[in-house]
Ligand SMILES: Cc1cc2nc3c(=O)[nH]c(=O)nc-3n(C[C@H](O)[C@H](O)[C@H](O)COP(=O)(O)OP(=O)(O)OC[C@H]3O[C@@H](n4cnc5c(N)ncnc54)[C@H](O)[C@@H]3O)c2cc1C
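The chain below stands alone, shown as structure tokens; this is the form predicted alone.
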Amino acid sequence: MKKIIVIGNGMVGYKFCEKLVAKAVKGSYHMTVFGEESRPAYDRVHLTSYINGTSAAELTLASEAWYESHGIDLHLGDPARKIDRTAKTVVTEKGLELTYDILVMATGSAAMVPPIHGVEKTGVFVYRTIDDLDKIVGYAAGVKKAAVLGGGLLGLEAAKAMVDIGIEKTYVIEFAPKLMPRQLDDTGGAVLRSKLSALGLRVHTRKHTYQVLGKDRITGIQFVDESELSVDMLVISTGINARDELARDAGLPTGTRGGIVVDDTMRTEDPAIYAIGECAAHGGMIYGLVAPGYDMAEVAVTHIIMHHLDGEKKQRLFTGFDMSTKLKLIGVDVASFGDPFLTADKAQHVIYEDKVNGIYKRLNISLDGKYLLGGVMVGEASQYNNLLQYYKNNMLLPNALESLVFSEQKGDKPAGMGLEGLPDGALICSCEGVTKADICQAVNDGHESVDEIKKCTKAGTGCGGCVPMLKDLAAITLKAQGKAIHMEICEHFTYTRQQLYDLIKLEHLRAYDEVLEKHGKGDGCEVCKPVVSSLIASISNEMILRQNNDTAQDSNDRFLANIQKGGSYSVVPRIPGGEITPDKLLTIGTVAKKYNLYTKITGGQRIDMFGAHLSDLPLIWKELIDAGFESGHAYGKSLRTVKSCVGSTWCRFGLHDSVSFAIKIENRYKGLRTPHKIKSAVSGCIRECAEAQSKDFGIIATEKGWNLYVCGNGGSKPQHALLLAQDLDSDTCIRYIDRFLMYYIKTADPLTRTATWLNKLEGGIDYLRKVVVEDCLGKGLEWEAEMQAILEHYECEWKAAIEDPVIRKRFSHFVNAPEERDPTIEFVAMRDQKRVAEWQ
């Protein structure tokens, strides 16, 4: 068994392990990995999401258990300190000394810190690791002005992090005349600067930083032109330096700009040592993106295995990597591919510039007009994936070049090309090197969903930009197999939920039996009944137990209460915004004592009462409604609560009155029936005491208004909400929530939370933002009017139930003895209250 030591446990080091495990014959190699950080490899591409609440565990690429399960010895927090090439040994900081047959250097890179006086002062940071972010966040409390040194990819990512932290003023300092000088031409850089400035970033270009001001702690920075900028914090993100010091000490050649020199097989001068990722210099170039690092890992693994099996014949080589990239910088689409700088003597240009909306696109076309050679996109880049395929596959361009420039409309495809037209070798996932043929083969092998394709091929697991193409390729492949893609609700309704919604709305259907008779067949089932009932309730907002719809409801909806363990029910009155008067508190206490109910304050800032008998429910609710309470809809697929902090009324950090806004929001959407339950929260400042970013829609106060986040949830698969729009006034915020909820109600599958709905939505948050904020479908006003009409029909379901003798009859355990309670329900004492007795 060959002994392989991997020095470095970053993304590329982990990828090497993963690929070797997948490709090597089991038992032929034993791997030992040394990592400098105390945590296993994590996703640095999405490092900024850590600021927004993504945990370190969620960013982790593989747990320590994964390494153990594959027989890999993982040593974290123990970096290698010496390589003895003669003895083939590695010595670590903790004193371990191990021998190797093959050594793989994956030491990555470090943040490049320019020679600036005073960078050692308190308040100066680099932006590279989770530990760096922890330090930045820890220092940022109280910081009002921060500067980011570097206007490239990394610098603008760091600037986004400063905005997400909530720093009032963030400056971007760039030495070059424009932002992203390696990716954008002059016009593209200017448009990006204009867009970012409009979003609140202060951009300074042509600035050569001289020193950090302040005694021990930063108070500002001074430039070579002697101008100064007052800031409380500085984050340096000006590029990377290859971590090649260990290799240099071992006598391995390094490049003139650093990096361990490797050949096309990723082997160094020493045939037993390979280098991959940002520590490697191939052809004099150090690649600072993860995708080429992954390709290097693939080449190294292939060479190691093939070299030992078949000598030098079956080699896969690394011959360079396309550095095309697309990303979103603080909400602004930016893309660059091929050669974006070709001049008029080498290419023709197709240029589109919309100064009103800040959109710039430039395509560089071959002089004969047949091929795409490169391009730049700022402000709108929905065509990037298609254009990249034209460029990478050297495909003939269509005659209508304008179809390449203008954004794709729903249902349209660029002239002359679809995914069907791509060659089998077209690279769909650059991060993992997965081709169209790989994906189609996976679908043919039975991996038909996007999740299955991702697990099988790894496509879409890097930057995620190709995920929409995976979905389309799956559909195309299944269609080619003659398979129909069915989205019907069940065997009784050959319609999708969205189609049924339209039919019920257009034909004013109000009862499940009506819908079944007109558009279904058979007797219905437990799948379609709740779905149709929910649609009727969403459209009409009528009391759900009327129109003979009671038997079609879910169990909890049938009794307007959640059935609890042991057969008793819970009572949950609405407490908008978590605000409650002493008199109402006394009412809850009185009712709870009278009916012997267990009481508990919930995470949604209301008081649950458990242990109610079915026959007591109308009596309990009568007393609550008389005291001014309403149903809290804890049993329904509808708005549950709108949590809030105390806001500016009581908190000295509060920017706005979050309680009043939460009450307004909760009273507006109470009773609204949706595909699944929805929760909301309003925080009065960025400290986020109401946890708004874990809700289906959450609102956070800013200096200029409200930021609106959507599609978060807790539960078994927590997901952080994403920023939909920022600095909104209250009315606009509500209008966007109206549109967001109506779009969700109309298009989500049954029992789909907003987070899952967004995950399935092609184009994700970007497309949702276009629909809600930019109103790209032209439905905004219509949806706002629909929402208003629905909300105007609100009535408290429990008030309606106790006032209607027919409905009230439902709440009895024995038909012939409605006053009798269920004798099988037993309770026992617990901490001065009660709980359900355990089943024997």
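These numbers come from a predicted model, not from an experiment. When you see a residue number, it is the position in the sequence shown, counting from 1.
A second form of this protein, the form predicted together with the ligand, is not displayed here; the remarks below concern that form.
With the ligand omitted here, the record of contacts in the model of the complex names 29-37 of 800-808, 66-74, 29-37, 786-794, defined by a heavy atom within 4.5 Å. Using a 4.5 angstroms heavy atom cutoff to the ligand in the model of the complex, all of Leu154, Leu246 and Gly277 count as contacting. Although the partner is absent here, Ile575 lies well away from the ligand in the model of the complex, with no heavy atom inside 4.5 Å. With a 4.5 Å cutoff on heavy atoms, Tyr127 counts as touching the ligand in the model of the complex. When contacts are judged by a 4.5 Å heavy atom cut-off, Leu47 counts as touching the ligand in the model of the complex. Residue contact check for Ala80: one or more of its heavy atoms lie within 4.5 Å of the ligand in the model of the complex. For the residues Cys490, Leu327, Val467, Met395, the 4.5 Å heavy atom test against the ligand in the model of the complex is passed only by Leu327. Contact with the ligand in the model of the complex, judged by any heavy atom within 4.5 Å, is made by just one of Leu427, Val290, Leu723, Ile116: Val290. Residues of 91-112 placing a heavy atom within 4.5 Å of the ligand in the model of the complex, in sequence order: Ala106, Thr107, Gly108, Ser109.
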